[in-house]
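One chain follows as structure tokens, the form predicted on its own.
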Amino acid sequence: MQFKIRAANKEDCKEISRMIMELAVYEKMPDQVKISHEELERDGFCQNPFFECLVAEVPEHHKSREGFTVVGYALYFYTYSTWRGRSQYLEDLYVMPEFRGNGIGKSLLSKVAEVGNQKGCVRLQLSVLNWNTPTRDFYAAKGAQDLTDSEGWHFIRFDGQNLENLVNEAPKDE
């Protein structure tokens, strides 16, 4: 199947937003999605973007049953390791189910790695739900290491009221 991987643009945000919801449904967490395509536009296509995104696009004659030509995305951002230096974090990699098995996911992943490599990143990190064996196997087949058991890392998050409490405990500037 023909497809191309390209940098997302502001006009792709509605399609990316649609696929974010599709991924959330697959991950059994659709109620967790709180952002809109407007927020994606604001945060990804500003002077100092919070993320970068690639999309997979098929020709019109291969469009989805629903008429979509943007059929996958990879959303990522840059982090910094105090041990290793420049790093990338892959927040989402998604391909619509009817387009899986055509190399689109592999191409998105490889392109994200290439972009990071060109910027001097020494690693690419991501998280996968523990029950999502197909996805864990996909990354393992590409050489990813699961650090859960080997290094004992836990993924920690502050949000909502707990984040607000933390903010309120910050020392006040004089």
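Sequential numbering from 1, following the sequence displayed. Bear in mind the structure is a predicted one, so any value in this text is a computation, not a measurement.
This protein has a second form, the form predicted in complex with another copy of the chain, left out of what is shown; the following refers to that one.
In the predicted bound form, at least one heavy atom of residue 20 sits within 4.5 Å of a heavy atom of another copy of the chain.
Taking the partner from elsewhere, residue 127 is found to have a heavy atom lying within 4.5 Å of another copy of the chain in the predicted bound form.
When another copy of the chain is considered in the predicted bound form, residue 117 lines it closely, a heavy atom lying within 4.5 Å. Contact annotation: residue 121 falls within 4.5 Å of another copy of the chain in the predicted bound form, judged by heavy atom distances.
For the three marked residues, 11, 45 and 94, no heavy atom of any sits within 4.5 Å of another copy of the chain in the predicted bound form. Shown without its partner, the chain has 142, 143, 144, 145, 146, 147, 148, 149, 151, 152, 153, 154, 155, 156, 157, 158, 159, 160, 162, 163, 166, 167 in segment 141 to 167 as residues with a non-hydrogen atom within 4.5 angstroms of another copy of the chain in the predicted bound form.
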